[in-house]
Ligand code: ADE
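Only one chain comes next, encoded as structure tokens, the form predicted on its own.
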């Protein structure tokens, strides 16, 4: 029950197959062909196929109630394993594709956050994410709506999707988000190499989701440490998608030893067989990190979180009290 905090998890990607099936049945729709393997797990072969499978699963999430249930079930599960805080990456583009407006989308997520807080004591906030493959103009529209703060739980802006579309294409969207006071992060350095991290660092970001390929460039690792950029690292996801073949190859320990600030995330848990608590356990077992070092990861996540400072004070108190 070590206190944990998570900054890198995609909300639609937290829903396991059985929850997606329940939601589809409630909405009176069939599960999309090709979504599941014969063993009942999500079916994908590689990263781009994973993105398509993710979209298929998200397509059955149709109502504010669906988003409430997904949020509540995920937060409740990680709270029972020790989590005290999470930032949930939400995709208004996916919600819009099924006809939900921002009020319905974020209202459902907020209802799930409130229920999980009441019943399990966990806190959470929302990151609004644009999708690279939907284009720069759409990202600008997403950022502009997020900048208007359609819900008080919205604290940050992110960019996910196909990393082959470079970060520099989205400079205008990030300028809008940053000018509005939203915290900024971006997926980089997962499938594309160090150059994608360097490109991302030209944006007004304080965090990177993944960022592990920076380890291939010692000067870039030094820059990340010197600038205090936080990497939200997901080792199990990296292995499941073939970014690295084994944990012995994974650069998390090297980046940490080099002074780079790191946190742990589960990314899309049921797709990769990951859990937040499992990522902490992996670091203890694979890298020999002590309880003090693991607590430092939680402290780093609280420091890097985009939530209000008064909530950070409460979270730090909980970390030290448990």
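Positions refer to the first chain, counted from 1. What you see is a predicted model, and the numbers here were worked out from it, not measured in a lab.
Just so it is clear, the following notes concern the form predicted together with the ligand, a form of the same protein that is not shown.
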Original post:
Can you pick the one in 51, 281, 258, 36 that has a heavy atom within 4.5 Å of the ligand in the model of the complex?
Top reply: 51
**OP:** Go through 135, 161, 204, 193 and name the one with a heavy atom inside 4.5 Å of the ligand in the model of the complex.
**Re:** 161
**OP:** State yes or no: in the model of the complex, is some non-hydrogen atom of residue 47 no more than 4.5 angstroms from a non-hydrogen atom of the ligand?
**Re:** yes
Original post:
Would residue 210 sit within 4.5 Å of the ligand in the model of the complex, counting heavy atoms only?
Top reply: yes
Original post:
So, in the model of the complex, is residue 105 in contact with the ligand at a 4.5 angstroms heavy atom limit?
Top reply: no
Original post:
Is the gap between residue 66 and the ligand in the model of the complex 4.5 Å or less for some heavy atom pair?
Top reply: no
Subject >> Interface stretch in the model of the complex with the ligand - options 24-32, 289-297, 260-268, 37-45, non-hydrogen atom within 4.5 Å >> reply: 260-268
Original post:
Which of the residues spanning 91-127 lie within 4.5 Å of the ligand in the model of the complex, based on heavy atoms?
Top reply: none
